[in-house]
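Just one chain follows, in the form predicted on its own, and it is written as structure tokens.
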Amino acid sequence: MPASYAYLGPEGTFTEVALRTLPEAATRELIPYVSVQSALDAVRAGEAEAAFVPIENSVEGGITTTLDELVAGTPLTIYREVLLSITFALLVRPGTRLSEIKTVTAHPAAQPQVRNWLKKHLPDVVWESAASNADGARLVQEGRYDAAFAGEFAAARYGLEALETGIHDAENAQTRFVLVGRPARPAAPTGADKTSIVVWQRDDHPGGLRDLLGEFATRGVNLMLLQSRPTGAGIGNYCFCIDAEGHISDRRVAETLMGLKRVCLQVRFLGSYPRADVGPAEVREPLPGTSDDEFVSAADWVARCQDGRF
């Protein structure tokens, strides 16, 4: 396997900035790809050891392109996550004035984060989506658009200048990125972990989603993300992308997954990995009756009953 990481490019994306915060990135060749799909396909094809892609932002929720790629195709596994605070700059060719801007571009996930700023400062501008924010900067450099929303750090890379900086509609906006590789054994639990899965219902029936969520609730497993995605099998057919607190080696998480496997048409395990938003010293206390020791004790009691030792 080549010692390289694929990432959503070109150079100068927020994805690249977040990737370079990983210590292991300094020992890998970092290769930009034109899309999330092509970066993940590089891993599936054995052209890269792992791919680093955005998966969620705090303004708009899940990045559907990434979620759909993880739902479909050859299974992949999430090994790490990184949170990056996001603020945008309006990048233009040198000498461009605000009044001269008629077209702007950026990644689709950027639009909800700058919508109010656009309405106030450039209400008549035409928005066009780009493959990434840095690709939008490249298109401005080529003269395709008048301005791009991207990181201020991308200006020098593309010969542009930041006409406005610190642009954001929501304070403390963050984007979550994940390092994705081919399936392997999850890293050891840290005490502050996250488990990601995708589940498909057997059929559509009243209370179906409640039944799925009940598998988590009765075992004291907290959900961190729940997003439906169409399966492509017709209107009303959805699967559910779920992030839950805990590690697959935690008894309550393992038993939740077993419960889902029994009642669901399909469950795809996407990985257990350290959470980026807390330190390992801070762990949410489970509900009464849902600690690992209590699960072990209950299993031992059932075994004794089966042996006539109750």
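This is a predicted model, so every value here is computed, not measured. Sequential numbering from 1, following the sequence displayed.
The discussion below concerns the form predicted together with a further copy of the same chain, not included here.
*Asks:* Of these, 178-186, 197-205, 87-95, 151-159, which stretch puts a heavy atom within 4.5 angstroms of a further copy of the same chain in the predicted bound form?
*Replies:* In the other structure, the partner sits against 197-205.
*Asks:* Tell me, yes or no, whether Met224 is in contact with a further copy of the same chain in the predicted bound form, where a contact means a heavy atom of each within 4.5 Å.
*Replies:* Yes, contact at 4.5 Å.
*Asks:* At the 4.5 Å heavy atom threshold, is Gly62 in contact with a further copy of the same chain in the predicted bound form?
*Replies:* Taking the distances in the predicted bound form, the answer for Gly62 is yes, it comes within 4.5 Å of a further copy of the same chain.
*Asks:* Taking heavy atoms and a 4.5 Å cut-off, does Asn172 contact a further copy of the same chain in the predicted bound form?
*Replies:* Residue-level check for Asn172: yes, a contact with a further copy of the same chain.
*Asks:* Against a further copy of the same chain in the predicted bound form, would Pro230 count as a contact residue? Criterion: heavy atoms within 4.5 Å.
*Replies:* So Pro230 counts as contacting a further copy of the same chain.
*Asks:* Please identify the residue among Val125, Leu83, Ala72, Leu163 with any heavy atom within 4.5 Å of a further copy of the same chain in the predicted bound form.
*Replies:* When a further copy of the same chain is considered in the predicted bound form, the option within 4.5 Å is Leu83.
*Asks:* With the partner left out here, if you bring back a further copy of the same chain in the predicted bound form, are Gln37, Ser58 and Gly236 all within 4.5 Å of it by some heavy atom?
*Replies:* The answer is yes: all three residues contact the partner (heavy atom, 4.5 Å cut-off).
*Asks:* So which bits of 83-119 sit within 4.5 Å of a further copy of the same chain in the predicted bound form, heavy atoms only?
*Replies:* In sequence order, Leu83, Arg115, Lys119 come within 4.5 Å of the partner.
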